[in-house]
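Next comes just one chain, in structure tokens: the form predicted alone.
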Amino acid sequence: MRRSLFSRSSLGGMFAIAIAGSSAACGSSTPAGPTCSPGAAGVDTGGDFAPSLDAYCMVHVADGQVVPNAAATPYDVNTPLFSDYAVKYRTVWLPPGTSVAYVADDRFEFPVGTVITKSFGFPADLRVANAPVRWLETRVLIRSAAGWVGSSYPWDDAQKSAQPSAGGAIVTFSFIDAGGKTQTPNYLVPSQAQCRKCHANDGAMITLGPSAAQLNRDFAYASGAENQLAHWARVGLLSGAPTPAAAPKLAVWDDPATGDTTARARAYLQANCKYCHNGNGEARTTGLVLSNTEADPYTLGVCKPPVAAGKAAANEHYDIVPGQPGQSILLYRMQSTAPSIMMPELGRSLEHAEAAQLVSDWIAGLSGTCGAP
């Protein structure tokens, strides 16, 4: 079934959206406020999600900005996943009396009942600071007793109502990027099944963003700027955390002040590739591990023959060839937008040109040579 959810947006272009399956009936939305309780909607025993985003009482949209409920904690990450240049807004809520146990070198494990949201949107022109954003969707992750479950809630044209889209969607529109170029993505609103493609690890759904290294940064809270790890510890969301100075900190991929080319390129691969390439993810059979802490050059891809060959490998022989970005399959697949070639496989339809240049610079600076294939 095909259904148009968006007609005309503040991006100044027509949104064309194709949806497989059906969605809940539309209705008016009441902005999330202090009178409702985050997490109250939950997920029923059949795994069904609430018929509107309002039920989770986490966020609403006002004047082009996502506004969190007073009980929801907004947060950000040092190096995010690239999603066709979308801007994002993240929130988390934990059931009262619960907290996350601090771990330094892995993702945080949240208690049952936790709700996490991540909203995706686009201003008409990325060069305009603080411009109103046309929000496309808010994704909801819920920690049920059986594990994490997730669904996307696309926003309507009025930015007042968002209903679940079990079957997913492709949204087409145009915007101007930071370099002044017009971009026209085929933006993916993932189906509930597609959520598992990125969030599944060793068969179970996991979170991707919240970790000590990603959260170790300042956030502009309503009360003022504060380091997120310190804030989470202070308000009782995080237990056992050291001072931020003693915690790991992932480099910000596009900020040279946070790390050299190697640190920032590997931070980008950590955020955009490691969720599959980690030894337990969907790409575990490749033997390629793109964690920023991977110490074995071969496992990282240096002089490593790929599992895929031919078109997907551009007829090159190694994932990474030191000093030779143009001969490195990893970079080729980052730059491609062909569905059968590009990496990641989901979540983008555009090349992240700036990140590809960063990874190219990193590969160009690697020393050594690969033997004959």
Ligand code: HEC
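Position 1 is the first residue in the sequence shown; the rest follow in order. These figures come from a predicted structure and were not determined experimentally.
Below: the form predicted in complex with ligand HEC, not depicted.
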* Asked: Using a 4.5 Å heavy atom cut-off, which stretch among 257-265, 156-164, 270-278, 126-134 contacts ligand HEC in the predicted bound form?
  -> 270-278
* 4.5 Å heavy atom contact, P190 to ligand HEC in the predicted bound form -> yes
* Using the partner position in the predicted bound form, report whether V140 sits within 4.5 Å of ligand HEC, counting heavy atoms only. => yes
* Given that the partner is absent here, does G121 sit within 4.5 Å of ligand HEC in the predicted bound form, heavy atoms only? -> no
* Is there any non-hydrogen atom of D54 lying within 4.5 Å of ligand HEC in the predicted bound form? -> no
* Structure fact -> Answer key, ligand HEC contact in the predicted bound form at 4.5 Å (heavy atoms) among A283, V87, V252, A230: the residue is A283
* Asked: Ok, V100, A247, V302, L81: which has a heavy atom sitting within 4.5 Å of ligand HEC in the predicted bound form?
  -> L81
* To do: Using heavy atoms only and a 4.5 Å cut-off, decide whether all three of G39, H60 and V67 touch ligand HEC in the predicted bound form.
  => no
* Structure fact -> Checked 145-162 against ligand HEC in the predicted bound form; residues with a heavy atom within 4.5 Å, sequence order, are G150, S151, S152
